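The data below hold one chain only, encoded as structure tokens and taken in the form predicted on its own.
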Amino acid sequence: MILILEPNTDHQGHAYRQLMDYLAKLPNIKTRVHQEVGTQQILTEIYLVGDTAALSVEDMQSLPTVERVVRVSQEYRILGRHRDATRGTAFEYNGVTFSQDHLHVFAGLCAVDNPEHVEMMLQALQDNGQVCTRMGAYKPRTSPYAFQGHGKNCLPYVFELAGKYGIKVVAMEITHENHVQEIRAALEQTGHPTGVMLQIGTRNTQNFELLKAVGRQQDMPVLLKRGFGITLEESLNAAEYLASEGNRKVIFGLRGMKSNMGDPHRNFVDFAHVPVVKRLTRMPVCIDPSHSVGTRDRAPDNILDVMHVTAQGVIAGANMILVDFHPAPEKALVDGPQALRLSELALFLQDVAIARNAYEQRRALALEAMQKNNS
């Protein structure tokens, strides 16, 4: 059960203390308080965990400062919709708003190789009006002999250059909780010129101790990718681990399923699940066309497979695109064969805009049809 309090409820006020005192006396019930700080108001939700079946919705709604009561109807207690589609889905980070209604492109280097290539990439993004990027410092690899990333050594110059070119959010994969501390230290060292979205890769989707550690920090949002060879439900429960520890700034990433059914693509594209995740949860949904396709192959219509796949995800309502670009793909230390060239960035963004416009038209058409049916 979730108690949604009146906006801007004062946690030091008498009414709030009276409410918490009452909840503390409920038998076999534990409380978890989550607060959402928006630009205009502060929202508080209290999660009641335990034997809540005996609690009356009407009684709970009559308690001080309680505006609304939601009885949980899904396994995803914090991130789920619970048959209450009016609950907000947005969060803001470093001036960028993420929600199931927005769309952001995170184009960049799968793996940071040198400052020159980082600067070239960020300059191209600024020239094309972009404020988000991906930059891989920590790279989990199948082979122990493959390049593992420059780690904390590249963080200062990546963050400084991001600030120089107006990049507000850098998506960066981590594989250990120590990486969170290294990132935080580098941001502090460079004067916080940018923000970081922590990325949990597919190999770590069920690394539960890492999920709990990342969930305990609440200043940086998290992009969680769908896991290798597990069900969508299992991956969504992994996201719930993050939220249950306190961090609800979670974006769910679809990056293709590991299956030979997707050949000759690198992975079987799973972007049909974009609307499914948005229906089941309040999370924005990210698509990763680069790791889904894995090549620069081009169809007979002269459109790259990566761009075809991106359009499929965007027209289904994706809210974020994580895509590989590189100034010199042939020199890339990781995933060069799938990286797009900087000369293709403007075309890619234009193609995304076309697909997004088609999605907006489809959504408007569906809303119009629903209103006619209800009239």
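Only a predicted model underlies this, so the values are computations on that prediction, with no experimental measurement involved. Numbering starts at 1 and follows the sequence shown.
The next section is about a form of this same protein that is not shown, the form predicted in complex with phosphoenolpyruvate.
- Phosphoenolpyruvate in the predicted complex comes within 4.5 Å of a heavy atom belonging to E173.
- In the predicted complex, no heavy atom of V314 sits within 4.5 Å of phosphoenolpyruvate.
- In the predicted complex, no heavy atom of A339 sits within 4.5 Å of phosphoenolpyruvate.
- A residue is said to contact a partner when one of its heavy atoms sits within 4.5 Å of a partner heavy atom; S235 fails this definition for phosphoenolpyruvate in the predicted complex, lying far away.
- The partner is not drawn, yet in the predicted complex one stretch among 271-279, 284-292, 237-245, 97-105 has residues with heavy atoms inside 4.5 Å of phosphoenolpyruvate: 284-292.
- Screening H179, K249, K139, H265 for any heavy atom within 4.5 Å of phosphoenolpyruvate in the predicted complex leaves a single hit, K139.
- Just one of G80, G201, G195, G149 comes within 4.5 Å of phosphoenolpyruvate in the predicted complex, counting any heavy atom, and that one is G201.
- Taking phosphoenolpyruvate as positioned in the predicted complex, the only residue of 108-123 that brings a heavy atom within 4.5 Å of it is C110.
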